Structure formats: structure tokens, C-alpha cells
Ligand code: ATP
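In C-alpha cells, the next block holds one chain alone, the form predicted on its own.
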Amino acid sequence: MLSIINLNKSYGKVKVVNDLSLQIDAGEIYGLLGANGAGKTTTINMICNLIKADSGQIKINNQPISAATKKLIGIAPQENLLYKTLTCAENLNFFATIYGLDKKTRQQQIQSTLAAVNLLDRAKSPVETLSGGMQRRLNIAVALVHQPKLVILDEPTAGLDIEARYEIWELIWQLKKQGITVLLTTHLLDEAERLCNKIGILKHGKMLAEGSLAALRNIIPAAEILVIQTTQEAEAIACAQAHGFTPKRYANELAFWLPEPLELPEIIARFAGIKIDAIARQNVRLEHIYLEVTQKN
């Protein structure tokens, strides 16, 4: 559905996108991760043909990007596109008109799209009367009203409470079930873990790692991660290293990569003589992978 090959973009001497390649198949949810300034927004703007690449190729549905491919794309930016004094239906009608839908098709699409985002009962409500979660769903509806093949969601749950976030997650799952391809940018790593078939990690415009979560877990040579709390950290680290555990620091947490899973009694036995206040076993998560990849680079 979306193919990017050796994409480059610079502003002056600053290379914002650096030889970027990725492939998103039809019906996939692809998570594009990276800190602010990693090149995500510039990449999205090039996909939408809003800015020109210095070099490289972008194809959507096997077509090079052009004015014609814009209709294949729907985008919901982090900042809502909505006109707050207009109703939900009026907003969708406005954007559907921009996409060139005739009157009959617009009316059909407004109804079906509002139903898809569970806002049909708020069709006549001004946007300013909606909750933050409802506004975010309507912003996604704007991206869907012309029935695109590829939907780009830029930080769709940023700033939302947990209930509203779950509603957006369910909506994204429904898009996948309908066969719509989704490119998702997010700073919420648990969101990417839950939703994405494939994940790409960007830094300074360069793809550092890409693949399914299962494939990315191979980056970390650990069967599981052990987190402990102790006042004897130096002793614990020395003891762990003697047993082949790799020490790591995640914020204020002391952690160890375990080469094989161990039961709790066996772990405690390995730290005999050291006062352990708390201990927890964790699976290798996306946050561990993300930190390992970005900090190494």
C-alpha cells in the first residue's frame, strides 16, 4: 500500500530524513516511533505531497505520489482540523466537498462516517460542545469521509484520558478490520505494542530498527527482564554479573537482562546475602527495545 525507498530531505545543512525506506502492506497498522525532531512530520508531509523530497521514491497503491494519490490518503493531524462553531455534520460536509464528493455521496458518507466513529447521535451538535475524546474521533472521521485507502493518524490519543484512549484504540482496530491501512505516529509505546503489526523506530530521520514486535524483541538478548530494589546496588550488580545477568538502568530502576527465564525462588537464591526490598519479572517490552536502539545510536 505504501512504499518508501531511500527517501531524503534536508533543510540547509540539517538532514531531516536520512535514506529512509519502509513498506506498509494493505490492511496493516504501522507504528512510526521517534522523539520530537526525528523526522516523522516531515515524512508525513512528503507522503501527502505537501513538500518535495530531495531524493527517493514514495508510492501509494503502486502509484508515485501526485495530485491523484491525495484522494487515496486521509490524515488526522495531532491538532484538530475542526471548526468548533460548526456541527459534526457540517464539518464533514465541508471536508467532503474539498475532496470533490457530490452532494448525494457527501450525505451518505457523512452518515456512515459519523456512525463509524460512534457520533451519529451528535451529528447536529457543534464541535465546541463535544468532549476531547469525541473531538478526536471526529477529527479521524474527517480523514475517513472520502473513503481513503491509507489513513495517517498523528498522535491520535495525545492528551486523552484512558477511557477516551480506549475508544480511539477500538476505532483504529475497526479500521483494520475494514481493510484500511493505518500509519500511526505515537509517543505512547504501550499504544504501539497493542495496535501495530509493524513498528519503525526513527532517530534524526534515519530508520534504526523495523519489524514486528516479536522480531524487534530479538534486538535484546534476554529471555526476560528482572527489576529489583535494593540499598546494596553495587553488590547486586556484581552478583548478577557473576551469574551472567546484564545490568541496565531504566530511569530510577535497576534492571537485569536474564539470558533464560528463572523462577522466583531461583532468582532470590542467586542474590543470596543481598537485602532485596522488591523484585519483579517483566517480559521484554517495546520501551526496553526503544531505549536500547535509540541510546546506542
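These numbers come from a predicted model, not from an experiment. A residue's number is simply how far along the shown sequence it sits, counting from 1.
Below, we turn to the form predicted in complex with the named molecule, even though it does not appear here.
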{"query": "Answer range among 261-269, 31-39, 58-66, 240-248 for contact with the named molecule, defined in the model of the complex as heavy atoms within 4.5 Å", "finding": "31-39"}
{"query": "Triplet Y11, E155 and H187 all within 4.5 Å of the named molecule in the model of the complex via a heavy atom", "finding": "yes"}
{"query": "Contact of I289 with the named molecule in the model of the complex (heavy atom, 4.5 Å)", "finding": "no"}
{"query": "Partner proximity in the model of the complex: V16 to the named molecule, non-hydrogen atom cutoff 4.5 Å", "finding": "yes"}
{"query": "N80 within 4.5 Å of the named molecule in the model of the complex, heavy atoms", "finding": "no"}
